[in-house]
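A single chain, nothing else alongside it, follows as structure tokens in the form predicted on its own.
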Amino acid sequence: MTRPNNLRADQVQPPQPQVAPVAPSSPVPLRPLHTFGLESYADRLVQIDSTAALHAYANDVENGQGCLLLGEGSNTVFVSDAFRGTVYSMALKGRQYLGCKSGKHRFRVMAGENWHQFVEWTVASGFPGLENLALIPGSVGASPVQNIGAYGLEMCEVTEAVHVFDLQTRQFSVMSAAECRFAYRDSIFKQELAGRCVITAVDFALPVEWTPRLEYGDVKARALAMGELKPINVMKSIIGIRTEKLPDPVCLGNAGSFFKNPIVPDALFQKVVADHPALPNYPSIPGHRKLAAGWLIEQSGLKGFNLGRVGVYNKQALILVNLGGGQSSELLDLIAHVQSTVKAKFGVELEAEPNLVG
């Protein structure tokens, strides 16, 4: 088996350039930079592809200048006409195999790498374990922030460490998975460290002995229909399911799953399931159950509902879509309408999953 060796095992940060990034002088359109595709503009756009660019970003933060760190824009939605400041786009690239230790293959991946391409690379290289997270949009650096997960696997289960640049101390450090305080679609990077640091790389540990995760949907049946239960077929099954359910943002603007699956106390769960026995639910923290937000929205009669030029996707109620030329005010009204309708019918609060900027 060949081992990836495109980076040195001790390389954590890219080389520093001799000159600082140069910002454009005219407003930068943001519509191409976030997958929901609402019209918005920023004053400047700077690529974070070096230590110098990280320091430039830290200077803007320290001086109170308007600035925003952006990955691939799949979990960020600009809901104002203009962002008064600089958008810093994460562009640190590189991935490396660190070797096998204690029954696990270890990898270090820079924050600007595309998440799905990384998953494909590991499976194709003979390192399974991430296949259930295939086709999730976004960058590797954004993935720890909300602890991405799908089809029975969460990122925290395969994350060993997160490399960060502290914007206050200007120091690089490494945080263990425990220090990241991962929770359902949550982490310390959305809480205490929000706006305090930049994720520069993530270390992953994948078990040598592969154990497929097949409990969600018809993943197992699809994989077996391909002839054999092996990682590549599980990944293809996940890709097939997601492709059927989720619109391509190139064709129909969206930010993926727009609402978190709510985690509710057992008392509320018992009340809701008594009236709706078909309610999909899953184990969660003690004394709570996780409900399916998409099911709640669909049962509230909102699947396919449009408000102006935005709407609830007609194939998957968990997705909000830009039908073309959507406005931020329309999206904000749609979010409020979905939340209030579900609350009135089920007594359950829905929380938006993407970062709404502006």
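Don't overthink the numbering: it's just position in the shown sequence, from 1. Please read all numbers here as calculations on a predicted model, not as lab measurements.
Heads up, the form predicted in complex with ligand FAD isn't pictured, but that's what we're talking about next.
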Mark Pro128 yes when one of its heavy atoms lies within 4.5 Å of a heavy atom of ligand FAD in the predicted complex, and no otherwise.
no
Going by a heavy atom distance of 4.5 Å, is Arg242 a contact of ligand FAD in the predicted complex?
yes
Would Cys180 count as touching ligand FAD in the predicted complex under a 4.5 Å heavy atom rule?
no
Hey, in the predicted complex, does Ser237 get a heavy atom within 4.5 angstroms of ligand FAD?
no
Stretch from 265-273, 172-180, 135-143, 99-107 whose residues place a heavy atom within 4.5 Å of ligand FAD in the predicted complex:
135-143
Of the residues Ser284, Thr159, Asn233, Ser74, which one places a heavy atom within 4.5 Å of ligand FAD in the predicted complex?
Ser74
Name the single residue among Arg185, His288, Lys220, Arg95 that comes within 4.5 Å of ligand FAD in the predicted complex, judging by heavy atoms.
Arg185
Near ligand FAD in the predicted complex, with a heavy atom at 4.5 Å or closer, the residues from 226-248 are Arg242, Leu246, Pro247
